[in-house]
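The chain below stands alone, shown as C-alpha cells; this is the form predicted alone.
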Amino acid sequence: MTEMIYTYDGSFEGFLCCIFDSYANKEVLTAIFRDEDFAPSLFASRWIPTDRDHANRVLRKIVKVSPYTVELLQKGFLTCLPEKEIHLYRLVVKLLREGPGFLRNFSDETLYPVITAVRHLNGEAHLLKGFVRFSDLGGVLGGEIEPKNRVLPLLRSHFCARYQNERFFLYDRTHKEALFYAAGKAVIRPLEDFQMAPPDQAEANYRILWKRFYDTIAIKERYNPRCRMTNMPKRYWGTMTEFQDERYFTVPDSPAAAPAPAVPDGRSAPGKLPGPGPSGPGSAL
C-alpha cells in the first residue's frame, strides 16, 4: 500500500472523507492536515474534497461496528490533541481491522491519546458551565471564553436550556467561532473578528456588584491561592468578571459613572453603591 499525506477542509465530514479515500485508494496515511496548516513537503500528498455521501458511508460503517467509537470520533475531533486527525484515523483503522475489543483497554496505545483528550474536553466543558460570565448588551446576553478545546458544541444544550427565553451569544476567542441563540434556535458560526461592546451604566453597576459580592464572601483567614487555582484554574480568569481591570467596569466617556473595582488582591470594589463592609482576599471556592 502507498503512503500518503492528505489535506482537507477542516470539517468533520472532510475528515471522514479522508478515511474513505484511504481505503478506496489503498493508501496508508502518515499525516492529515487542514488546508491552512499544511506546508509543502517532499512526501506525496493529495487534497481530499468533502463528499457528504462518502462521509455518511464511513459513519454508518463505524456505527455498525461500534457506536461508542462514533462518539469518540466526534468529541475527539473537538479536542486540542496535537495531530488529532492521524490519531483518530489510526483508531478507525484498528477498529475495522480488529473489532471493538481493544476499546475496553484504556492503556491501548491507539486508544489512550484519544480518550485522554476527550476526558480533557469534557472536563473543560464542565468547568466552563460555571465559569462563563454573561453581560447584558441591550437586551442580548453576551459572553466570551478562551478554551483549549472546541467546547461550544458541548456547551450549547446547557446554555440553551438555561436561557431558553433569552437571546444570547457566546464567543470562543481561541477558535474564532460563536454560539448564537434566539427564539429556540441555536447555531455555531465562524467569527474571525469580534470586539465585545462596552457596558452601559446598568451593566457596569451589575459588574461592580458581582465583583463586590466576590470580595465580600471571601474569608481572609482561609485565604488559600493554591486551592483557588485548583478549583478555578488561572487560565480561565481572563474572561471572568471578578478578575478584570477597571476598564471592564467603566462606561465609555464617563469615567466617574462606574468607578474602578478591585482586582483580586483583597481591596474592596469602589462605587456609589452601599458598601458591603471589609473585603477579604480572593475566595477559595
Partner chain sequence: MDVLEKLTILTDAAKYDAACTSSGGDRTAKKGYIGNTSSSVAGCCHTFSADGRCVTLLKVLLTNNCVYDCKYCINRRSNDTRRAAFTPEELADLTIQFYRRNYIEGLFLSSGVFRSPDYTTELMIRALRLLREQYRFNGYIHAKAIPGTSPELVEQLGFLADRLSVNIELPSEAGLKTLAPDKTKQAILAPMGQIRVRNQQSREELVKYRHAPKFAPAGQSTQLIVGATQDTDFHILRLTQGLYDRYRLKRVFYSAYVPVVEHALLPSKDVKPPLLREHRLYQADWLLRFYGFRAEELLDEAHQDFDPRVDPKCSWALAHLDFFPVEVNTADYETLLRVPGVGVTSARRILTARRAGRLRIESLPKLGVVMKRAQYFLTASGKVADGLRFTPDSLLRGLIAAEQPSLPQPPMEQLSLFDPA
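Positions refer to the first chain, counted from 1. The structure displayed is predicted, hence computed values, not measured ones.
Another form, the form predicted in complex with the partner chain, is not on view; read the next lines as being about it.
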Is the gap between residue 194 and the partner chain in the model of the complex 4.5 Å or less for some heavy atom pair? no
Is residue 62 close enough to touch the partner chain in the model of the complex, meaning at least one heavy atom pair within 4.5 Å? no
With a 4.5 Å heavy atom cut-off, would you call residue 46 a contact of the partner chain in the model of the complex? no
May I ask you to state whether residue 250 is within 4.5 Å of the partner chain in the model of the complex, using heavy atom distances? no
Considering 235, 26, 52, 220, which brings a non-hydrogen atom within 4.5 Å of the partner chain in the model of the complex? 220
Tell me which stretch of 100 to 108, 185 to 193, 76 to 84, 171 to 179 has a heavy atom within 4.5 angstroms of the partner chain in the model of the complex. 100 to 108
Just to make sure I understand: among 212 to 241, which residues lie within 4.5 Å of the partner chain in the model of the complex, judging by heavy atoms? 212, 213, 214, 216, 217, 218, 219, 220, 221, 222, 223, 224, 225, 226, 227, 228, 231, 232, 240, 241
